[in-house]
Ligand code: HEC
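As structure tokens, one chain now follows by itself in the form predicted on its own.
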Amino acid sequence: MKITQNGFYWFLWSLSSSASIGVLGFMMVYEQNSTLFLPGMTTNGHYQIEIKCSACHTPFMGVKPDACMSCHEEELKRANDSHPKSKFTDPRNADRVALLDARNCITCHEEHVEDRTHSMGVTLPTNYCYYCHQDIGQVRPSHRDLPYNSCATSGCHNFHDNTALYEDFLLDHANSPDLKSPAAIPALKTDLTSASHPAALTRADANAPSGMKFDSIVYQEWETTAHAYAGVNCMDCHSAEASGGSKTWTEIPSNEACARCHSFEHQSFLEGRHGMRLAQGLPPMRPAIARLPMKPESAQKVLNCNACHSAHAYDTRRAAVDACLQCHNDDHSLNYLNQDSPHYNLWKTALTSDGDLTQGVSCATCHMPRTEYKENGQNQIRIIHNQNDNLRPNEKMVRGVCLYCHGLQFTLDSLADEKLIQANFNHPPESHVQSIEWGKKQNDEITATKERKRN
């Protein structure tokens, strides 16, 4: 059969089209990679999982609110969300929902719109407060001349976590000094003595399979940690059973082995940018694909529990600073080590004097704060391992971190000063947030009105 020139071209077109469809289908189904179909750049918070569209999108149904809540629900609970969905499903607020449907996360938070993405990696309109609070100038004279889109950009108000900016809170802390005597930061029990741990193990008790040879340093590191003091033996972590399998030796324990005892820490780790890929069943995060500046030598490091906590020593002192700085190469991180860094100087003092480490300020002090967590009806101290939890926006750090040592006005001014943040807080803030002053003025006006009515 003779093939015409046009027929030959049609054959080539059909063949190349079939091959392209096959390659794209393989990427989507087997490699779970759909990046070729992205309509625009993904935000800093989600780009790690952009190869798995199904993490957010339901076929033919768009992005459902449940997709957002599957990752962010626990974070919103901890923040005591000041604008929960229930506020907008109330029929009394139907008129407001008609203007701004705040029942759906994507009303304010969009993806693939680079021109509307803020520096913290989220999309957020600046005028959303106006839809429900158009009368604020009448209710609060201090707000009368403010731009309608300045509510959340001035360091005064947040949509989800406003607990450090409520007027009563502002007034209660209005006169606190810039630097306070360090308060009692919640501390974990760190008494590693055999007297307080009768089940403490030594290398003679190690139950690794016979015939396996280990460097003596491995046993030395293990038997001086909380694991050995609490009776946690080799097979408790190294058996496949610890990761949900059979009781056979596994060389490298998975994160699930850690989660058996550290469920809160593991869950919060999966919520943050270090662990979010693992939460979606994807390969772990590596600094090589980070958008923040990272040190080249750390590029292929796999981010799991042992990336920060060494395999056997589990030295929390190392994890609190050294583990962070072995990867992060941005100005804020690098300036922590400067000789004029007050936070680092406090940390060095705490380390060299064998004092209470809660009196030092490490990277983890601010970005992985200790928090009270109710477990079996009792309050326990746990460490949030989602290092982004209090950065969106950074005013979330006020109550859980900064106020232990600093006054509220000093804190608000510091967190609003971008240059100071990059310098890692090595000098007083140059920005000024007026919310406390306005709160005082409003309170004085209310008091004066009440006084006039009494007279």
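Each form is matched to the other, and the largest set of C-alpha atoms that superpose within 1.5 Å is called the rigid core. The structure displayed is predicted, hence computed values, not measured ones. So that there is no doubt, residue numbering starts at 1 and follows the sequence shown.
Note that the form predicted together with heme C (HEC) isn't included here; everything after this is about it.
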(Q) Taking heme C (HEC) as it sits in the predicted complex, is residue 402 near enough to touch it, meaning that at least one heavy atom pair lies within 4.5 angstroms? (A) yes
Q: With heavy atoms only and a cut-off of 4.5 Å, decide whether residue 169 touches heme C (HEC) in the predicted complex.
A: no
Q | Interface membership of residue 173, heme C (HEC) in the predicted complex, 4.5 Å heavy atom rule | A | no
Q. Would residue 415 sit within 4.5 Å of heme C (HEC) in the predicted complex, counting heavy atoms only?
A. yes
**Q.** Residue among 146, 76, 240, 351 with a heavy atom within 4.5 Å of heme C (HEC) in the predicted complex
**A.** 76
Q: Check each residue of 93-115 against heme C (HEC) in the predicted complex and list those with a heavy atom within 4.5 Å, in sequence order.
A: 93, 96, 100, 102, 104, 105, 106, 108, 109, 110, 111, 112
(Q) With a threshold of 2 Å on the C-alpha, tell me if residue 308 counts as moved between the shown form and the other one once the core is superposed. (A) no
Q) residue 125: with the rigid core matched between the shown form and the other one, does its Cα shift 2 Å or more? A) yes
Q. With the core lined up, does the C-alpha of residue 299 move 2 Å or more between the shown form and the other one?
A. no
